[in-house]
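As C-alpha cells, one chain now follows by itself in the form predicted alone.
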Amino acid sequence: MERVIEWLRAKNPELTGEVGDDADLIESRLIDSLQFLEFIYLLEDISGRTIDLQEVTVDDFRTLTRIQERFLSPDAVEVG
C-alpha cells in the first residue's frame, strides 16, 4: 500500500497529512479520469496480476481499504 500512497502524493503535491483508509479517492479527486489508467497499471505492477476493466467498477478503486481488499491482499481474486 506504500507505493499506492506514494503515487497519490506524487500526483497531488498539495496533499498534506495522512490519506485515510476510507477516504474517497475519487470524490476528493486524488485520482482523476486522466490518471486512472496509470493507476491501474500501478496496481497491476504491484499485484503482479492483470486487471480486466470489464470485471471491476469504479467502487473497487474508491478507497485504500477497497483497493487493498480487491487487488493487493493475498486473498484477492484474479481480475482478468
Partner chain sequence: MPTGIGQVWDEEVRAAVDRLTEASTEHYYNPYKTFDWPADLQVDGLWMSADLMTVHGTEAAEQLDDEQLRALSKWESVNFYSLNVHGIRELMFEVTNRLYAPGFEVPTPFFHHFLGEENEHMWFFAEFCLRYGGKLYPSRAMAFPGDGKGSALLDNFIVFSRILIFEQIVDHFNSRMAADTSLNETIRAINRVHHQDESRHIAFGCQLVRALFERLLAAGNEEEISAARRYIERYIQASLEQLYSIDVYRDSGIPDPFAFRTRLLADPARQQAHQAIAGRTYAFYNRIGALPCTPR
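Positions refer to the first chain, counted from 1. Computed from a prediction, not measured in an experiment: that's the story for all the values here.
The same protein has a further form, the form predicted in complex with its partner chain, not shown here; the description that follows concerns it.
> Does any heavy atom of T57 come within 4.5 Å of a heavy atom of its partner chain in the predicted bound form?
Yes, T57 lies within 4.5 Å of its partner chain in the predicted bound form.
> Taking heavy atoms and a 4.5 Å cut-off, does R62 contact its partner chain in the predicted bound form?
Heavy-atom contact with its partner chain at 4.5 Å: present for R62.
> Decide whether Q35 counts as a contact residue for its partner chain in the predicted bound form under a heavy atom distance cut-off of 4.5 Å.
Residue-level check for Q35: yes, a contact with its partner chain.
> Might T50 be said to contact its partner chain in the predicted bound form, defining contact as any heavy atom within 4.5 Å?
Close contact exists here: in the predicted bound form, T50 approaches its partner chain to within 4.5 Å, heavy atoms only.
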